[in-house]
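The chain below stands alone, shown as C-alpha cells; this is the form predicted alone.
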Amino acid sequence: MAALRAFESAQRAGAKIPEIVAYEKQDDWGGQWNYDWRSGTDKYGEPVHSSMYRNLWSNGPKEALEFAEYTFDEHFGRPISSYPPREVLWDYIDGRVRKSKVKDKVQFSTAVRWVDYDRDQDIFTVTVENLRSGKTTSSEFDRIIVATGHFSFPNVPEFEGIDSFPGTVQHAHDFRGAEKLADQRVLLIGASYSAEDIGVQAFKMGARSVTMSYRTGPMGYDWPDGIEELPLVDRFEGQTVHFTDGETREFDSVILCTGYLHKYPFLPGELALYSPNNIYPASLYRGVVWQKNPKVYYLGAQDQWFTFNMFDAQAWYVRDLILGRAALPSAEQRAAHMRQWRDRFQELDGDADDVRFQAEYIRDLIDATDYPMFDLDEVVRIFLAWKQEKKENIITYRDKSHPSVITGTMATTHHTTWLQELDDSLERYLSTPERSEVEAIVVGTEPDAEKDEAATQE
C-alpha cells in the first residue's frame, strides 16, 4: 500500500509512472491488519498471512506511526485516543487510498508462485496463481518490490517432552483470541511483544495464571498478581513444565511467542533475504535495495519501532530509484555505505539507541525524496515516554495520551479503560456510550446529570 501510494503521489504531481501490477494473496489489503479468523491455512488452502487476533489494540502510540501526509485528524475529523484497536487502524490505512484508483492496480486472491530472473535479458518472469479460478499465468517485469513483510512464517523451536503435553500448543501466529484462556493456566514461551501482549490479553480475559518464559532476560515489568516470568523451559512432562532454574508449574495451554523467519518461498535463493530479525539486515542498501541485484527492493524487512511512516519513507525512495529521480551508487559504494550503517548498528546498546538509530535511518531516506519531513526527534521522545509508561504500569499504559507529531492535536482519552473494554469494533470505538450507574458513581457524576449537561451543550 505504501509503494502504490508513493507512485500515486508522483503521478498526481504530474510525473509519468511505469506500468505497475501488485499481487496480493489475501482477498483484501491491509497485511497484518487484515484480520482472518482462520489459522493455519486460508479458504484457498494457502498459509494464512496475518497474525492478527481479536481484541488486539495498538501496543504503541499511534502518534509514532502516523503518516506524514495523511493524519489521523484528516481521516477521522476529530481527535481519537493514542492506542486504537485493529479495525480502527485498518480503517486509517485503507482510508488514505480509499478515494484513489490505486486499488485497480492490485490483483487480489493471487498468490505469487515463483520469480525467475534472466540475466541475459535482464527480465523477471513472475508466475502467479489466481486462487479463485485456479488459473496460472506468467508475466515479465523490469523491477520487483517485495512488500510481504516478515511476520508470517513462525519460528517454532523444539522442547524435550512437548509432545507429551495434553493441552493446547500453538504459535502466536495462530493465536486468534484470549477468551478461551479464561480460567486456564497459560504458558507463553518468549519475552518480546507477542508474549507481552498475549499475556496481558489472557490476564484481561480471566486466565487463572500467566507465566512467561524468557531465554536471555525477563521483560521485567511490574506485573499484576497472576502474571510471572521464569527462565527458559527445560522440558515438559505431561502437564508439568520444568524450568532451567528448577521451578516447575502445571499448565493447560502453551503459546509459542518465539518470533518469525525471513522466508520468501516465491524467490530463488539468489534473490531471497536471509536474516535474523533486526533493525538493519545485511545485504540491503539503505535497507531496501538488494545488493546482489539492485532491481529487487524490499519494504519493511527490518525489525520495527517505526512502522507505517517508515514504510512510506522506504517506498518513496524506491519509487524515486525506479523513476530515475535518485541515482543508484555503484556496487562498491553501496557496500561501503552498508558497512558504515552496519558498524553503527553493531554498536547499539539498548532500546533507546535502537529507536534513535531507526529515526536517523528514516531521516536519511526522507532527505533523499519529497516525502514530508516530520519531527523524528519528537517521535523518539514519544517512544521513550511510552517505554516509561509501560514500565510504570503494563496494564494501564494504553490509557495514556500523546500529541500528534504532525498536527499537534492531543489524543483524547478513550471512553472506556483498556482493561474494561471488551469490544474492539470501529463502531464502539467511535461511539460515546452512556455511563452505567456504577461507572457514574466511580467517576463522581450521576447519569441523569450527565444527560442534562449534554442536552444543555446541544
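This structure is a prediction, so every number in the text was calculated from the model and none was measured. Note that residue numbering follows the sequence shown and begins at 1.
One more form of this protein, predicted in complex with a further copy of the same chain, exists but is not displayed; see below.
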property	result
The single option of Leu256, Leu299, Met310, Val355 touching a further copy of the same chain in the predicted complex, heavy atom within 4.5 Å	Leu256
Pro294, Gly167, Gly95, Pro224 - the one with a heavy atom within 4.5 Å of a further copy of the same chain in the predicted complex	Gly167
Answer range among 59-67, 46-54, 407-415, 426-434 for contact with a further copy of the same chain, defined in the predicted complex as heavy atoms within 4.5 Å	46-54
Contact check for Arg113, Glu158 and Lys180 against a further copy of the same chain in the predicted complex, heavy atom at 4.5 Å	yes
Partner contact for Thr396 in the predicted complex: a further copy of the same chain, 4.5 angstroms, heavy atom	no
Gly134, heavy atom within 4.5 angstroms of a further copy of the same chain in the predicted complex	yes
Non-hydrogen atom contact Pro154 with a further copy of the same chain in the predicted complex at 4.5 angstroms	yes
Heavy atom of Ile162 within 4.5 Å of a further copy of the same chain in the predicted complex	yes
In the predicted complex: members of 250-280 within 4.5 Å of a further copy of the same chain, any heavy atom	Leu256, Leu261, Lys263, Pro265, Leu267, Pro268, Gly269, Glu270
